[in-house]
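One chain comes next, on its own, written as structure tokens: the form predicted alone.
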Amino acid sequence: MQPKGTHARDVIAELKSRNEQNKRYTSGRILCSMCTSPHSVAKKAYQQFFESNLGDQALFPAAAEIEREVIAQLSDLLHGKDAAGFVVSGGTEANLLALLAAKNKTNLAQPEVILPDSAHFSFTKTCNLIGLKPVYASLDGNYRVNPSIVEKLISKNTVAIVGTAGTAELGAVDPIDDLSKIALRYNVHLHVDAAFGGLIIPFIEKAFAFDFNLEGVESMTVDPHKMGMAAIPAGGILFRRKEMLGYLKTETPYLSDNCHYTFVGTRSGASAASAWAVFKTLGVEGYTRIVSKCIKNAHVLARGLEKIGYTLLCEPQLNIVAFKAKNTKQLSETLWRKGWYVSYIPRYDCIRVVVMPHVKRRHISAFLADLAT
């Protein structure tokens, strides 16, 4: 830190200059992100609540009420009539809280969690942090977890099973209905990581059974800062049963609140407000329109890739398209040099494109034109 301060005008000017180095969603060339430009109303809501702290709710009762309403909105969407939860820092914290609650409930000496091979890397962090042994279940030909393998892996040490509704790499939706039956049969906690798909699947014509409509689903992760178009960060954790929160309770003796249930103490009320504002503004009709457009654009991209000779890794289930080339990694590097920011997935040797709301049809046409040359 410098000894003498700088005029605020000059500080802001420098930040503006530095910010020019960042990529822009509005360019339509960010094809690797599961986030997008926040809705305009999300930005305005965030500004109004930017100093509120959900970790001290007696001081910010309006922010606390808004968080409860956001959780109620998500619960209603995902058929969790009495679900309880919080707006958290993102899918990583949400997944952590779900598995921590499941672990604390069972109190086993050598706890294990069964994860799909396609599980998000946040589960690796969680297992390392809270002392869970990850046991991995293989995938089927459509890159979805194999339920029969999951069932074979259940042991006396299993505290939870995880299924994914919209994998980060391919957008695949695991057979959550089958996992639900297994979870009920063995009385094991089933957590659904719907960080990505949770605000996509309810708005598409091809329905997937994945939420609290399934009796075995005990907790869900859903991120409003992804397709929900809320300000970053805004994650969500939902539990079917409110009593599960007791396994996360930590006393907070010096705050106006008696206890916390989230991992992060100081939490942004602005994130909750941004999600609330977008939900209120768009409603089911608005989200259906946006999601439908993304799904259609993903299929336009998929057909266009096939037309110019590329091979799809699999038919897209949501709005993620993965394809292969003769030298896929080299192609991905070339695309970056041309200003197309794609993902390269080493274990599948494929290029991954996430068709979010900022990716318009004209951007897809330009991308395909570059690939064809």
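Numbers for residues come from their place in the sequence shown, where the first is 1. Please read these numbers as outputs of a predicted model, since none were measured by experiment.
Just so you know, the form predicted together with a further copy of the same chain exists too; it's not on screen, but the next bit is about it.
The stretch that touches a further copy of the same chain in the predicted bound form, counting heavy atoms within 4.5 Å, is 283-291, out of 105-113, 140-148, 283-291, 204-212. Of the heavy atoms in L312, none are within 4.5 Å of a further copy of the same chain in the predicted bound form. Within this chain, N157 is remote from the site of a further copy of the same chain in the predicted bound form, having no heavy atom within 4.5 Å. With a 4.5 Å cutoff on heavy atoms, S256 counts as touching a further copy of the same chain in the predicted bound form. In the predicted bound form, none of the heavy atoms of P134 sits within 4.5 Å of a heavy atom of a further copy of the same chain.
Residues of 41-62 lying near a further copy of the same chain in the predicted bound form, listed in sequence order, are V41, A42, K43, K44, A45, Y46, Q47, Q48, F49, F50, E51, S52, N53, D56, A58, L59, F60, P61, A62, the criterion being any heavy atom within 4.5 Å.
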